[in-house]
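Take a look at this single chain, the form predicted alone, given in structure tokens.
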């Protein structure tokens, strides 16, 4: 059995169960603005919250409005019904109001012993970098107290080095998908990114070594068109698989559960907290960041050009204000650059949407002449 086939979309994976059996602690977070290096430097497993299984949302609906995005309501549902009881605490950010509502209602009901609110600025400026560095210092102190051990600068540098290794290997994996013909599919890449977000960095790096060795000479064939996909937070491996079942290949992405979680997180050495602030805030390609649209669209256009795509899919969850508004400008700028665009608004995880999405992608491929 190959490494990719061993992966699952379970919330509590064998890896997490083993970690807990050995007495390890797990902290849940949801936003890519959360520096996992600080959590890992304390010997705690950082776990990115996902909504695998696409549950009904009757409990989530009791605490969030129906006009909150279904991804957040689904995560809250899983938290309230006990699927995430293996977590020892939560780290919240002000990624968006839906996300904040999810976290704060979750903590209100479950009352974890550890709950930390990391405030992330909406601007990239010298003063906001200074502020974010101070916020990271507060987070380091809080996580250290939770873990019962000091987090030294050396601990942080070791964790940063580990994630440098992970990010370099993820870039090699993305290069295998971007090549012609590709060696790995879009659904496989998303499943790996999701799996890695529930593992310690060193173990994920070792898994990536296995995958890269297995895929180096593999070839994906039979696809009609190469596409880039972008949009709001989604862990929907089956959405990517459904799109690819129509004959499209997701050759590149600008997704939150994708390249946006690790791309260009590089920087000079120095004070580790300042370095993390620069890496995270300086490369947060998310519409929550004010006055930063030009850098976001440049990043998307660079990615599309590198992957040689025939078209783009902008997808966002219903009621996602940030991505819904930005989709308008993105579509115009991509088409101005000669890249045809399909905009897909959808309800997160809705099986009822599957047929409609496939039909629209098939029509898009026809528009591309594929």
Partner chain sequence: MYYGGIDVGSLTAQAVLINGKGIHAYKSMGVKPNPVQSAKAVVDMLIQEENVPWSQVKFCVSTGYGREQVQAEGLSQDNMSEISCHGMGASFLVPEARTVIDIGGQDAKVIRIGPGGELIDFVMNDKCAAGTGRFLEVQARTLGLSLDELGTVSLGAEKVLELSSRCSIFCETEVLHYLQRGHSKADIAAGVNRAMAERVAALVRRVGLEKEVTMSGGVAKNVAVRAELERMLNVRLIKYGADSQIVGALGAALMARRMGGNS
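Small disclaimer: the values here were computed from a predicted structure and weren't measured. Numbering follows the first chain given and starts at 1.
Note that the form predicted in complex with its partner chain isn't included here; everything after this is about it.
The stretch in contact with its partner chain in the predicted complex, judged by heavy atoms within 4.5 Å, is 339-347, chosen from 297-305, 34-42, 339-347, 56-64. At a distance of at most 4.5 angstroms from its partner chain in the predicted complex, none of the three residues 100, 108 and 110 contributes a non-hydrogen atom. Mapping the unseen interface onto this chain, residue 25 falls outside it, with no heavy atom inside 4.5 Å of its partner chain in the predicted complex. Among residues of the shown chain, residue 12 is not one whose heavy atoms approach its partner chain to within 4.5 Å in the predicted complex. None of the heavy atoms of residue 17 is located within 4.5 Å of its partner chain in the predicted complex. Contacts to its partner chain in the predicted complex (heavy atom within 4.5 Å) from stretch 17-32: none.
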